[in-house]
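This document opens with one chain alone, in structure tokens, the form predicted alone.
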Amino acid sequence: MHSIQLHENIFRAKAITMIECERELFTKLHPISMQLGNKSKEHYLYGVPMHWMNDWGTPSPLFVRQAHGAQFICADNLSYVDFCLGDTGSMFGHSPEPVAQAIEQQARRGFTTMLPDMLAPQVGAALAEQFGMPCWQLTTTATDANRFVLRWARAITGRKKLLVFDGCYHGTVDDTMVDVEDDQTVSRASLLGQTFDLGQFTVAVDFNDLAAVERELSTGEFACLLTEPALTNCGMVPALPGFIAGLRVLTQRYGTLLILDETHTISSGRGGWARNHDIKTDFIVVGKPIAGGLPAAAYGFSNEIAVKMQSAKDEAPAGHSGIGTTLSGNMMTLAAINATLTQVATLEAYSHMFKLADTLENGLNEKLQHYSLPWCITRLGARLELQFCKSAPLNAKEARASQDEELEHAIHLFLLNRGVLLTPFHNMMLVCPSTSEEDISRLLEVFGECLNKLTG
């Protein structure tokens, strides 16, 4: 035991040293980004348009000059192979040509009118064809979609409570920003300006625990259960075989609506995880990549649910429903969604993505075996994640226990300084339709160099 602990301490010390060296190297490689970072501090909080853009661990944000396909060029004219892809926002590549053309053409015809564009029927049909839900509403973000679906679920059922899983991520919806502490659901400690106890109407239980789900749903108090088909924000936690199907059975048994947030799990296959696993949900939420990277999202539902939604709206007093924003479903995003779904997110594109994801997964595992590292690669279609545990975690507690901030940071910075970008958290990797075999080889080569330095 003592020798294992000593090995871990040495390993962590190397990671910390690597971080210091890589931060110095970043500064030398990116003088223009450093200048832009200082200039931006004059007008932006933390020197960036949105504060989390500063969470990459670099001495300055990495400013981008242009992005296309699976690559981008930074302000200092350095090229990068991008496996982050906007954390799914550009899952189908940067500026796909059909989307770029559609946006360019639409820009001459109008951006937004708060009226349905002539493309609306075609986009509705494209959403239904791809994701298997007949009825849709459009929003600006997946956060909005989740928030609005929660309102609909409560209106339909007349119930107040929401069931989620510990470690869940559904954007910035207040109801879902909870943690589990001492078996109690509490507001997440990191929330800014939170004024009331979110545990009053939200309950969180462990992912992959059907008994815990039934214990809660059997009370008959829950309007809906909201989950991703796999947790993706606390590290990747895939569902055990039969778990999501079990949720479908339990929600139907106890009159609770099942909502699957597929914003990240669109990587599972064309049509998302639920369609590829033949799971019939009450609502499905899709976001980020459906408009090629423009702000757009949507939520789909069955004809039966549509009737109940319309009844709830018609019976409510006149006035603002709390559902909808002015820019939702605008002309520009309709054009982008239509091009993405009909010309970019194709079966051929997914086939290419999965083929290269196979190569990447095998190559990463070979590297881990070569260096005798007790880590694993967890995969969800075109989405892969390096996790510091022997096998994929079963719930958020196991995922958190496997995380190592210094080690994640060291690997991310090492790869970034050598032209390969992963997400800055959890070292997640996405393969897009524009990713090439050369891109995969480059990632594997640099990852091997990183491991050699960490273990040498």
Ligand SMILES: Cc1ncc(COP(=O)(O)O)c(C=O)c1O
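Keep in mind it's a predicted model, so treat the numbers as computed, not measured. The first residue of the sequence shown is number 1, and the count goes up from there.
The protein also exists as the form predicted in complex with this ligand; that form is not presented, and the subsequent description refers to it.
Exercise. Among the candidate residues 187, 346, 276, 143, which is the single one with a non-hydrogen atom no more than 4.5 Å from this ligand in the model of the complex?
Worked result: After the contact test, the surviving option is 143.
For this session: Quick one: from 367, 379, 270, 170, grab the residue that has a heavy atom within 4.5 Å of this ligand in the model of the complex.
Result: Exactly one residue meets the criterion: 170.
Exercise. Taking heavy atoms only, is residue 233 within 4.5 angstroms of this ligand in the model of the complex?
Worked result: Within the cut-off, so yes.
Exercise. Heavy atom to heavy atom, is residue 288 within 4.5 Å of this ligand in the model of the complex?
Worked result: Heavy-atom contact with this ligand at 4.5 Å: present for residue 288.
Exercise. Does any heavy atom of residue 282 come within 4.5 Å of a heavy atom of this ligand in the model of the complex?
Worked result: Judged by the heavy-atom cut-off of 4.5 Å, residue 282 is well away from this ligand in the model of the complex.
For this session: Answer yes if any heavy atom of residue 256 is within 4.5 Å of a heavy atom of this ligand in the model of the complex; otherwise answer no.
Result: Residue-level check for residue 256: no, no contact with this ligand.
Exercise. Of 338 to 346, 190 to 198, 256 to 264, 359 to 367, which is the one stretch near this ligand in the model of the complex, taking non-hydrogen atoms within 4.5 angstroms as near?
Worked result: Going through the listed ranges, the match is 256 to 264.
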